[in-house]
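Before any questions on how it binds or moves, here is one chain, the form predicted on its own, in C-alpha cells.
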Amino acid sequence: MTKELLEIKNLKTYFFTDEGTVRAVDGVDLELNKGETLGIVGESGSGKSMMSLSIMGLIPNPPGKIVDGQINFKDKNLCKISKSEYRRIRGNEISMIFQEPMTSLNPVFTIGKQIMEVYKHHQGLSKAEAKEKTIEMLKLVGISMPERRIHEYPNQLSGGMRQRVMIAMALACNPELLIADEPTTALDVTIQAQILKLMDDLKHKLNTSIILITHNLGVVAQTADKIIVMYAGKVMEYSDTKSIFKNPKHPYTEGLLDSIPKIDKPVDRLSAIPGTVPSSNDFPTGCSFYPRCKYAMEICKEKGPDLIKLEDDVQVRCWKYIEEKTFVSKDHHSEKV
C-alpha cells in the first residue's frame, strides 16, 4: 500500500525584478507516494528547476519568493517551518543532485572530504566513522577502488564518475526524497543508461522516492511511474507514464513526443514545435502555449484554461477538452462541467 510522501498545492514562486514579476512557478499541484518516481519534463524555462529549488527551500530571496501555496512533506508544510528546521531536513530527509557535477563539487577539496562532511554535519559521526561510511557509499554507487578515490579531486574524475559522487553525496543520509535535476546532462548515452539504472536500483534498495527533472522524455520513459509536463511555470499534463506515451492529451506533450526519433519510423527531418518558451515576465494573455499550438482556438487567446481531470486520472490544461466537456454537459441538463 502506497503512502503519500509529498503533496504540493497551488505553489507559486515569483521573482521580483526591475523588468517586472517573473512567474517561474505559477500554481503547481502534485503528489508523490513513497517509493515512486515522478518525472517532470519540459523545455528550458518551463519552471522545472525552480520547482525543485522551491521544495529544497533554496530560492534566493531577494529577488525570489514563494508567494502562495503549500509544500507538504510528511504532513509538514515546509513553507511554514524555520530556516534551522529546513537545514535539518535538507540533506537528511530531502536531498538533491544538481545539474552540473563539476560546478556542484568544490574543486579544492577531495571527494572523500566532501562526502565525509555530510556524515559529520548531519549525523555527528567521527572522522574515522565518516570515512568508513564514505567508502561504503562510493562502493554502493559503483565507484571502483573507493579507498583510493576518496583522496582524489573532482577534476581527476570523468563526468560519469563525478555524477556518481554527487549521487553518493545526495544519498549519504538515506533521504526519503531525492530530487535529481538533469542528472544525465552532458553524459554520453552509455553513461546516461548506467546512471539511470543506478538511481533506479538505489531507489529499490533504500526505498527512496525520486523526482526526476529533465527536458528529455526518453529519459523518464524507462524510470518514471508518473510524469508532469510543465510549460511556462504551469502543469500542462499530469498522468502515469504509460498513458503519456500511448495517448498524449496536451498539444505540447504531443509536440515533445513527435520530436523524439523513432526506430520504426525513419524520417528525413524530425518534427519540431515552432517558436520558443515565452519570457517568464511576458507570458501571452490566455493560454501560454497558444502562440505555438496548431490547435489554437479563439478562446485560447482570451483566457487561460484550468487543469481538469479526464478519464483514468489523467489531468490536462487545454480548452479543447474543457469545451468538449462543456458541450456534453449542455446536452445533459445544460450544466457546465
Partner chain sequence: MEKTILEVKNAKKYFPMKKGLLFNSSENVKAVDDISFTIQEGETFGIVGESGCGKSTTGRMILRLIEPTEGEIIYKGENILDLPKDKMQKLRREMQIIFQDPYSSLDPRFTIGKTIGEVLDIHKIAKGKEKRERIIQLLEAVGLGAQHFNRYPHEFSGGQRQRIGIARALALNPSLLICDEPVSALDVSVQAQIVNLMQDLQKEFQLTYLFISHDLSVVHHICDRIAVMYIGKIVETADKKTLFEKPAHPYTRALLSAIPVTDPEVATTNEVLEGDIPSPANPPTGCRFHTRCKFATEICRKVEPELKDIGDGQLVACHLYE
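Given the structure is predicted, the values throughout are model-derived calculations rather than measurements. Positions refer to the first chain, counted from 1.
The protein also exists as the form predicted in complex with the partner chain; that form is not presented, and the subsequent description refers to it.
Asks: Heavy atoms, 4.5 Å, the partner chain in the predicted complex: which of 26-34, 267-275, 307-315, 63-71 makes the cut? Say which one.
Replies: Result of the contact check: 267-275.
Asks: Answer with one of 123, 247, 77, 222: the residue that has a non-hydrogen atom within 4.5 Å of the partner chain in the predicted complex.
Replies: Filtering the options by heavy-atom distance leaves 222.
Asks: Using heavy atoms only and a 4.5 Å cut-off, determine which of 135, 202, 177, 161 is in contact with the partner chain in the predicted complex.
Replies: Partner contact (heavy atom, 4.5 Å) among the options: 161.
Asks: In the predicted complex, does residue 128 have a heavy atom within 4.5 Å of the partner chain?
Replies: Residue-level check for residue 128: no, no contact with the partner chain.
Asks: In the predicted complex, is there a heavy atom of the partner chain that lies within 4.5 Å of any heavy atom of residue 44, even though the partner is absent here?
Replies: Because a heavy atom of residue 44 falls inside 4.5 Å of the partner chain in the predicted complex, the answer is yes.
Asks: Is residue 141 close enough to the partner chain in the predicted complex to count, meaning some heavy atom within 4.5 Å?
Replies: No, residue 141 is distant from the partner.
Asks: At 4.5 Å between heavy atoms, is residue 207 in contact with the partner chain in the predicted complex?
Replies: No - in the predicted complex, heavy atoms of residue 207 and the partner chain never come within 4.5 Å of each other.
Asks: In the predicted complex, do 12, 82 and 288 all reach within 4.5 Å of the partner chain through at least one heavy atom apiece?
Replies: Judged in the predicted complex, none of 12, 82 and 288 sits within 4.5 Å of the partner chain.
Asks: Relative to the partner chain in the predicted complex, which residues of 197-218 have a heavy atom no more than 4.5 Å away?
Replies: In sequence order, 197, 215, 216, 217, 218 come within 4.5 Å of the partner.
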